[in-house]
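Taking the form predicted on its own, here's one chain by itself in structure tokens.
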């Protein structure tokens, strides 16, 4: 390694110190911080983010990019330089004072959103959301785009995917899911969700959540489980990848499946190649690929009949008495009930993507200037009725349910549906390599985890999202695998 490469790595270490501190601050703000501490903490985040922005767009960074680009024999350094250049070109287009103001606004908005959500009071959050939308429009124009302004925001989360891509895929997916939902609704065979009702103490839900994470292969020496309003996983570094969940003592599914979901995110981060540590490549390549890993574990493992055949006794060892006499087959069908619901993170497998399409269409319209922030509650309710067949009774179960807008994450939401399609495609490929049902039933998830690490996790950002899909499955994104999976599964449960 040349002296220039060593100096470049020193600059990356300095950046990582700021990044890790910022992420730890965000974790604290979402889990532990007292309400009165938010204002001061937001200023701290703004200060740290300003310093990081200055490093990422500094003359020193530009020097290393110019000197090392296409001149290093080290593949990791070359890819790191390319990533830094992409970030440099985007970041330098945003004035530093605007960036600092925006970061502080993000921190404050999350706190305001939490209060607004608790009170189901969109009006109190509206002024903050209006400012966030205005900033995102401004930043999108700074970055530039070819066809749609929303493409500039999508690129932050899913490089290579555009509005054109989504508008080609989503309508057909929606049509297929709606047709299947209508058949299920008309079926005379229905699961009995009442058997899942009953008080389930938070402490017992936490115990089973910890047990399942351990079974998945989550490394607790490099992570922890905490409670929050909106579950998330966060990687401070490869040796500190944290998981959060939310407990509902009247519905254990929120915590159990939510923990498996976030655990899937965490396994991705914990198993990125150690060769990428300390570089911007030591991260998931996109939010869509990240979501494919969480949804793979939640749905293609955690909601399967094979999983519950081998883990029902484990579950009952923590469950209250009311669950002890519930037959396994009825339990399995109940946890896989299809029932339109208001809350996305509590949605069943079938209706889940419809929630994503609603928010995508509203986001796109907001950024295009076709609608105003004040229109959101009414439009949200209209689309929920049109797509899912139900109308929220208040803003908490409607437009205020998710944290993403409060953080300014416009362009993020489509990655949830993309991740679901990626996961189904990965599942189809993996089933050609091993008897996955037999493996799940054995209770040993190691071969599954190893396959995911070998084909996806280890690469971090060395590969682009659509490149990973093509390399793993030998074809481009194909939504038919998700439709086929859902059709086969629910035809069996509902005897279609």
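Positions refer to the first chain, counted from 1. This is a predicted model, so every value here is computed, not measured.
One more form of this protein exists, namely the form predicted together with another copy of the chain; it is left out here, but the text below deals with it.
Asks: Just to confirm the contact call: exactly one of 170-178, 340-348, 212-220, 297-305 touches another copy of the chain in the predicted bound form at a 4.5 Å heavy atom cutoff, so which is it?
Replies: Stretch 212-220 is the one.
Asks: Within a 4.5 Å heavy atom cut-off, is residue 464 in contact with another copy of the chain in the predicted bound form?
Replies: So residue 464 does not count as contacting another copy of the chain.
Asks: Given that the partner is absent here, does residue 239 sit within 4.5 Å of another copy of the chain in the predicted bound form, heavy atoms only?
Replies: Within the cut-off, so yes.
Asks: Is residue 470 near another copy of the chain? Define near as a heavy atom within 4.5 Å, in the predicted bound form.
Replies: The answer is no: residue 470 has no heavy atom within 4.5 Å of another copy of the chain.
Asks: Is the gap between residue 47 and another copy of the chain in the predicted bound form 4.5 Å or less for some heavy atom pair?
Replies: Yes - in the predicted bound form, heavy atoms of residue 47 and another copy of the chain come within 4.5 Å of each other.
Asks: Can you work out which of 457, 428, 51, 449 has a heavy atom no more than 4.5 Å from another copy of the chain in the predicted bound form?
Replies: Contact with another copy of the chain in the predicted bound form is made by 51 alone.
Asks: May I ask whether 58, 62 and 73 all come within 4.5 angstroms of another copy of the chain in the predicted bound form, judged by heavy atoms?
Replies: Not one of the three qualifies.
Asks: Taking another copy of the chain in the predicted bound form, which residues of 8-25 have any heavy atom within 4.5 Å of it?
Replies: Read in sequence order, the residues that approach another copy of the chain (within 4.5 Å, in the predicted bound form) are 13, 14, 17, 18, 20, 21, 24, 25.
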